[in-house]
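In structure tokens, one chain follows: the form predicted on its own.
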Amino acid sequence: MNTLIQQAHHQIDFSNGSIAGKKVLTSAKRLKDMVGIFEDKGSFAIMDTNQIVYSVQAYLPVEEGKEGGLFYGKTTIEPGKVGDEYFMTLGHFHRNMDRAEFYWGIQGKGILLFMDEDRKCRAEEMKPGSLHYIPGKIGHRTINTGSTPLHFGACWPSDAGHNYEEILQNGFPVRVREIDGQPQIISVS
């Protein structure tokens, strides 16, 4: 074998997007990490707060903040609801506001919410094979509207950073709820 050709250090399982290899970071958000995110406080209070809402795998081949690098990740949002509101990610803007990002659906179904700086929202359906471009200066949150885990991939600039505080303080002006067995986007502002 040619000594210039080496084996790849990372592998992707295309059935669910899982990443295997050195230095793959993993994290999980449990209900207890999402206090104040869901609107139905009564339903939230009686749920198991150790329940995982979503988990993330990330391969960060360069130092965070390095200009010109890329990060790759995979998120899994578990099926579930707090009251009639579907499980979702916290949502974020990028700290470096002009940085864009790609998401793509791998397995399951959901909704990708977009919010601009004027708090105007729009949404796109996520499903296997869907590709989503998230422009700079756009907050985004993903919601699992199905009965199975929602798996999606992401690729973003290593100097994008994450601003979760804006969403934690001000939220999104819309909610995704199950009404008559279907996901509906409801204004809360």
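Throughout, we count residues from 1 along the sequence that is shown. Keep in mind that what you see is a predicted model, and the values were worked out from it rather than measured.
Keep in mind that the form predicted in complex with a small molecule is not shown, yet the notes after this line are about it.
Subject >> Any non-hydrogen atom of residue 91 within 4.5 angstroms of the small molecule in the model of the complex >> reply: Residue-level check for residue 91: yes, a contact with the small molecule.
Original post:
Applying a 4.5 Å heavy atom distance criterion, does residue 162 contact the small molecule in the model of the complex?
Top reply: Yes, residue 162 is a contact residue.
Original post:
Does any heavy atom of residue 151 come within 4.5 Å of a heavy atom of the small molecule in the model of the complex?
Top reply: Close contact is absent here: in the model of the complex, residue 151 is far from the small molecule, nothing within 4.5 Å, heavy atoms only.
Original post:
Heavy atom to heavy atom, is residue 38 within 4.5 Å of the small molecule in the model of the complex?
Top reply: Close contact is absent here: in the model of the complex, residue 38 is far from the small molecule, nothing within 4.5 Å, heavy atoms only.
**OP:** Would you mind picking out the stretch of 40 to 48, 143 to 151, 54 to 62, 117 to 125 that comes within 4.5 angstroms of the small molecule in the model of the complex, counting non-hydrogen atoms?
**Re:** The contacting stretch is 54 to 62.
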